[in-house]
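Below you will find one chain, with nothing else, as structure tokens; this is the form predicted on its own, and questions on how it binds or moves follow later.
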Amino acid sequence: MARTDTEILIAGGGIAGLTAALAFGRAGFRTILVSPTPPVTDGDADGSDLRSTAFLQPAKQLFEQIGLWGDLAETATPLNVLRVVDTVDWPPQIRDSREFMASDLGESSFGWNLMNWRVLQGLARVLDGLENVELRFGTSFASMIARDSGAIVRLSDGNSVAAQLVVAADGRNSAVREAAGIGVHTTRYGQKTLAFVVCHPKPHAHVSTEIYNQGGPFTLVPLPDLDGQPASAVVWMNPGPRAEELAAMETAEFEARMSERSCYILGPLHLKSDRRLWPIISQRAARLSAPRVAIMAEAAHVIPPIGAQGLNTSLNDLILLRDLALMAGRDGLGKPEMLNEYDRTRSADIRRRVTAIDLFNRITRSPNSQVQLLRLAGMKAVHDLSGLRQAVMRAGMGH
């Protein structure tokens, strides 16, 4: 079997892993990425990721730096306003709402929404032909021996790679993290989220809307028009059994239920895609580095889909890891000084974000009337106190 020498080996072919390959490749490092499957880059194909991501300012800046934004900009929908709606009962009745404006921070937009499959499509196109990046789909990480001089990684096809730095971007059940002996703390909520695309008669006006009720939020995130109609991506969180029941409904009944849940804010909703189910958990790795290994993205942290924190937090991992690699140079790549700084800096931010979203999810999904009153009071306080509003918005944007 063959052995290949490289500077960086990345395990994981999702958005985070492919973006890491592009970022390290653009930074001049010889990079190999391994993944058991290639990315699904067609929204209509089996296995496509029908979730959308609101990419915040730091993510857009990264995409511009690595030459990806030009491929994505045409289908990116700016998010200029975040509307938070508090509801009770069923069918939901609106108690109050608040709007958070990007202009309050001197920005035109909080972020830009893109379908995940579209981001994967752009990454595949931009990575194609990048000479110092090798993509090995159909093979995966099997085991590893870390030494002072580097790591020897055995792959599932029997070949091996010698690398100065191994980057774990292989998801919440990371084989690299396990091989490095790093544990995780996991919180299960008994929730699942439905992700799908809808059309509606009223324009979204670049307003992202989060509608709170027991079970979790119903979020409408703007997309480009579809078939000549305004369109939005939906993320709908529910207790697991209810989510599975909704996923199995006939289309007409499902459209009636989701339109009720949306309080008809954009009018009746019409389903324009398959429905995909995703389990909701929080998870945080005990540490983010081991000898010759850096843990990032969902291998390092899993956050419920609230406030666009999940993938944006993953890209913040990558931004720091790339910058530290550039500062370390080839001689210092993957050495303890670099990895200890990565662990120290990112662990603190991740701990804060996972804790905050965990608490927020517990409050917003509760059926308890007193907790619902707390949810309403919190929404009003965050919005109506100008200093607090701006601090929360800046923190949510990744600053």
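We number the residues from 1 along the sequence you see. A quick note: this is a predicted structure, and the numbers were derived from the prediction, not measured.
The form predicted together with a small molecule exists for this protein as well; it is not shown, and the discussion that follows is about that form.
Could you check which residue among Ala195, Met115, Val133, Ala231 gets a heavy atom within 4.5 Å of the small molecule in the model of the complex?
Checking each option against the small molecule in the model of the complex, the one that comes within 4.5 Å is Ala195.
Of the options Gln214, Ser140, Ser160, Gln191, which one has a non-hydrogen atom that comes within 4.5 Å of the small molecule in the model of the complex?
It is Ser140.
For the chain shown here without its partner, which stretch in 198-206, 296-304, 261-269, 68-76 has non-hydrogen atoms within 4.5 angstroms of the small molecule in the model of the complex?
Of the options given, it is 296-304.
Is there a non-hydrogen atom of Val88 within 4.5 angstroms of a non-hydrogen atom of the small molecule in the model of the complex?
Flag for Val88 set to no.
Test of understanding: in the model of the complex, would Ala11 fall inside 4.5 Å of the small molecule by heavy atoms?
Close contact exists here: in the model of the complex, Ala11 approaches the small molecule to within 4.5 Å, heavy atoms only.
Heavy atom to heavy atom, is Leu339 within 4.5 Å of the small molecule in the model of the complex?
No, Leu339 stays farther than 4.5 Å from the small molecule in the model of the complex.
In the model of the complex, is there a heavy atom of the small molecule that lies within 4.5 Å of any heavy atom of Ile32, even though the partner is absent here?
The answer is no: Ile32 has no heavy atom within 4.5 Å of the small molecule.
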